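The chain below stands alone and is given as structure tokens, in the form predicted alone.
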Amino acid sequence: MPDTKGTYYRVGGHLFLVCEDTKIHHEKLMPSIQPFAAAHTEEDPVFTLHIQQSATLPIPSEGLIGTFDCGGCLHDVYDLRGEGYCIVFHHINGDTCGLLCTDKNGQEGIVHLMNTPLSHQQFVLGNATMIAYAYATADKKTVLMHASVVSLEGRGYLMTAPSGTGKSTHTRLWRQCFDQCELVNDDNPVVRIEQGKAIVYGSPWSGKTPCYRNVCHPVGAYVRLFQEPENNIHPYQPLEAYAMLLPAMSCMVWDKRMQTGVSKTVAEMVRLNPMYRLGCRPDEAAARLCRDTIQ
């Protein structure tokens, strides 16, 4: 591995290290990470990510597991003979623009960036850092969840649904309706089980909304949104809640260590906090019904 001098960050309570070639300035490529800068302590980082500029990408010649759609962009995933993974990133226009290689435990990773447009390099580094974090922390009672999160009266409320359903619209309505309600993260918050409680953290990954807040709150509830002509809400039973929450987690399901860790964490999340089904219109009445029910 290259030299391990670099910059430390703390996300979801976990310390990690980013190192780079002298030609690369990762803070400029990923400004969203700056609020999470941390001082180095005696604590070992959960993973170290090395960033290199490469003229060509070391794409494996074998071991392709499959091609996965991530927000309209395709990632090719290769199994490195049981010693880790290589993930090749393609921009939404189809261009191959970088890759991430990790060891089998997610403790070390290398991101290869090509001399491509700035937006492509930003895309690769943002996705690679997010995947590396999710992979390294999956067995540490930590998950990255596809959700929009607001805080109100000291608790975090996580709204989840497939893209385009209206998560961001619903949390915006909460902020319009309720004083001191704030957006924590709009796409990929961290949920971590700590001392018998679920805590939601802001993260450097927030989709199209630039909300990169280094804050955390105890979880109040989870809500699964559905677009419906009339507003209605009811609680899920634990098994239903587990089935609804699990698909919202970032997980490489083909990796046993990661899948086991994520599944156990979701089971704890369901045990610790309620989850609700919200059928809703995009109006303030839906936000008020939701808040009045789940608080």
Partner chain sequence: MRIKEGFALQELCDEHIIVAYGQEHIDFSHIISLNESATLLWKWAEGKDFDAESMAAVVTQHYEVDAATALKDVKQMLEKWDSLKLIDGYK
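Numbering follows the first chain given and starts at 1. On a predicted model such as this, the values are computed, not experimentally measured, just so you know.
There is another form of this protein, the form predicted together with the partner chain, and it is not shown here; the text below is about that form.
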property	result
Joint contact, Thr260, Ala267 and Arg271 to the partner chain in the predicted bound form, by non-hydrogen atom at 4.5 Å	yes
Contact assignment for the partner chain in the predicted bound form, among Pro58, Pro235, Pro238, Pro31, heavy atom within 4.5 Å	Pro238
In the predicted bound form, the one of Asp79, Glu182, Asp139, Glu108 near the partner chain [non-hydrogen atom within 4.5 angstroms]	Asp79
Ile65: touches the partner chain in the predicted bound form, heavy atom cutoff 4.5 angstroms	yes
Contact test in the predicted bound form: Phe226 vs the partner chain, heavy atoms, 4.5 Å	no
4.5 Å heavy atom contact, Ala243 to the partner chain in the predicted bound form	yes
Contact label in the predicted bound form: His40 to the partner chain, heavy atom within 4.5 Å	no
Partner-proximal stretch of 226-234, 252-260, 46-54, 23-31 relative to the partner chain in the predicted bound form, 4.5 angstroms, heavy atom	252-260
